[in-house]
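First, one chain by itself in structure tokens, the form predicted alone.
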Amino acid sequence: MTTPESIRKGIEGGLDCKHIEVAGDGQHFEAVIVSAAFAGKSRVQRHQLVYAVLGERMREEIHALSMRTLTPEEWGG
């Protein structure tokens, strides 16, 4: 079973995060992800970065992932 912790570790493994929170019930998950990698990118481009990091897990393990993707400046401001 996919856990919020395993998703958090997967995202952190491929994206330099200043802050990350993941919650969910095993199929539906919500995440707040703060990374400088999001600077200058649209919301769609930010989500694509996260999807790319999670790769096949998005098709096979994770039914739904709702995300708030912020730069450190947006998060702190």
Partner chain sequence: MSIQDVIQEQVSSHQVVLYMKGSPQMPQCGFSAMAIQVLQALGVSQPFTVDVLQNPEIRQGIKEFANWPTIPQLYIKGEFVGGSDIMREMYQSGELKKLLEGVQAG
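Numbering follows the first chain given and starts at 1. Here the structure is a predicted model, which is why all the values come from computation and not from measurement.
Here the subject shifts to the form predicted in complex with the partner chain, a form of this protein not shown in this document.
- Though the partner is left out of this view, residue 65 does reach within 4.5 Å of the partner chain in the model of the complex, counting heavy atoms only.
- Residue 44 belongs to the set of residues with a heavy atom inside 4.5 Å of the partner chain in the model of the complex.
- Remark: residue 58 counts among the residues lining the partner chain in the model of the complex, judged by a heavy atom distance of 4.5 Å or less.
- Contacts between 7-42 and the partner chain, taken as any heavy atom within 4.5 Å in the model of the complex, involve only 28.
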